[in-house]
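Both blocks below hold the same protein chain, though in two forms, and each is given as structure tokens: structure 1 and structure 2.
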Structure 1
Amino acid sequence: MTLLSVQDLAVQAGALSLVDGVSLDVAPGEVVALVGESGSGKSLTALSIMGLLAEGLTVTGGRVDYDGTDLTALPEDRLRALRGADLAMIFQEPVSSLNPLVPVGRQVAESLVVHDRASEAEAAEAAIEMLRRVGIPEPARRATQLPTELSGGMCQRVMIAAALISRPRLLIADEPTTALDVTIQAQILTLMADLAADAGTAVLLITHDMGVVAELAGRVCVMYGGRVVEQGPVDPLFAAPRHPYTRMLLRTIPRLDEPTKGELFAIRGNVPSPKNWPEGCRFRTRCDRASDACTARPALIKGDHRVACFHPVEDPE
């Protein structure tokens, strides 16, 4: 049974294709990681699910099935009823993602108030309790403060509290700790995962950090050039990545248990911008296994561990 099933999602800015055939599933309570280099379309995929694409961007194909209904075909008011209540999202920039003029307590309570789940007084109380649960000291006093009076880490905790206060069924977290100090990143992510698990909330976690993926996620979905190139359960996929891109992505993390020989491995070349994506497999211009066959578009092979490649790695070294 799946909670969220994205199928063949396509997003365009005018005629320019930015996301092209993304498919991924999230089961209830599961943590799925969405990884890929900058510009691969992770945020656009997330915003498409929420129906929050910016002006000028449109979903031009595919479906986003949530609980059996296609969200892309849902009228705005029905979608709005789901947002905040069933589907929650948190962003990368904790400080600018909070309204600078509204006390944080009220921002945490927002989804309860918006969806008439509680009176103002009850919501305020629930917000303080939620602030306490995300580890903010003196929550009653903090609730009355403005975001500018809080640190970045505190603001991210506030956003997590705001997202989880309604016990949503799905939380989309778009690089929730990238803007924070490395020393508190792991702490906040673990907190988020624990609270989500308590509430039975599934998490679609967008991240660059493979260590975080290994730690928190059950399944992982690798994107490149607006497409999913590989997806599957984290452990086997990390142990034996089949797409050449995934293999390179995993090799970019330094490993403590293996001495690195000379400099760190980096992926050859740069990520091409959406205007310059090649025909067929989009990774082929940077791939050392590419052949003539790769000018055609590789399909995502069905199965538990899926890969879209004509020359997948069979036996990783």
Structure 2
Amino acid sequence: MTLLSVQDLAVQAGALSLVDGVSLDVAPGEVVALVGESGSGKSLTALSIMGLLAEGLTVTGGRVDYDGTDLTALPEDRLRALRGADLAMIFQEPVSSLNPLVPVGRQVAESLVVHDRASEAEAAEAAIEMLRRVGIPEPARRATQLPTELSGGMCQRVMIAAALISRPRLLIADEPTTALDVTIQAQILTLMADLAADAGTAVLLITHDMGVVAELAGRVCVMYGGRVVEQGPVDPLFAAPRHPYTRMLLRTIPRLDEPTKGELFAIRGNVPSPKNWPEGCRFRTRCDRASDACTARPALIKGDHRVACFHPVEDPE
């Protein structure tokens, strides 16, 4: 059963296309990773799902079905009732996402008071326990402090605690462990995996860290230029990526089981600005397999392992 189904999502800023025809599904208890370079549209896709697009950005097409309800058609008051209870998001910028005037313990406890109707004392106790679980030392003392009194890494853990405390049905995590050291990162990833396994939470994980994808996700969705270019189960997709972009993306990761040979691989060029999207396949200007056929838009073929490419890679490296 699918809990979240994004179908042909399109987001624009005026006449400018930012996200174009994105489709993905996440089932209860499943972790799906959304990967790609900066500027590929990952965070915009997440914010569209949550109904949190900035002013000037608009969902212009497609549906975001959550448990059979199109979130893009809901009024703000109904969306607000879902956020923090059924839907939770860990944002990329924790310092700017926390209220600087409210103690962090109260911010973590808020969803329990508002949505679960717990008493303030019960919610405060649960918040302290959740702060402990995300690796914050002296959680009872830290709970009384303001975000400005904590480090960036601690604020990141506070955001994670606030998102996980209500055991949401859908969790969107946008680069959740970027500011954390490897020990705390492992702790957070374990917490998220436990939430998916024990509570049946559907997790959409946005990350550039392929190691995190391999460890946590069951399926992966690769984005480039505001579009999905490849998606499928993690193990076969990592073993034999079919889109040239996915293959290059994986080649940029140094491997510990192979000797280092000179400089690390880098994809030539940069992700184009939405003002200058290439016609047809948006990766064609950086692709060594491009041909005249690529001036048309390739469709994402159906199947368990999908790829949008006129010249998919057939042979594993």
Partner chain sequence: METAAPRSIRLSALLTWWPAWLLLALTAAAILAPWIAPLDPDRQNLLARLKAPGFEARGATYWLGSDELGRDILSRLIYGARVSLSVAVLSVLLSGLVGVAVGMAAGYLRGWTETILMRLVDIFLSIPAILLAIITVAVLGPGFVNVILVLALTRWPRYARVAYGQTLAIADRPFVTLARAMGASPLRVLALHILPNIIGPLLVVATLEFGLMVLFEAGLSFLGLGVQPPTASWGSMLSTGRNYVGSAWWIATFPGIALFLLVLSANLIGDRLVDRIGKGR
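Keep in mind it's a predicted model, so treat the numbers as computed, not measured. Between two forms, the rigid core is the largest collection of C-alphas that superpose within 1.5 Å. Numbers follow structure 1, counted from its first residue as 1.
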{"item": "Chain form predicted alone: structure number out of two", "value": "2"}
{"item": "Core-aligned C-alpha movement of Ile136 between structure 1 and structure 2, 2 Å or more", "value": "yes"}
{"item": "Large Cα move at Val113 between structure 1 and structure 2, threshold 2 Å, rigid core", "value": "yes"}
{"item": "Core-superposed comparison between structure 1 and structure 2, Leu71 Cα displacement 2 Å or beyond", "value": "no"}
{"item": "Ala186 CA shift between structure 1 and structure 2 in angstrom, with the core used for superposition", "value": "3.8"}
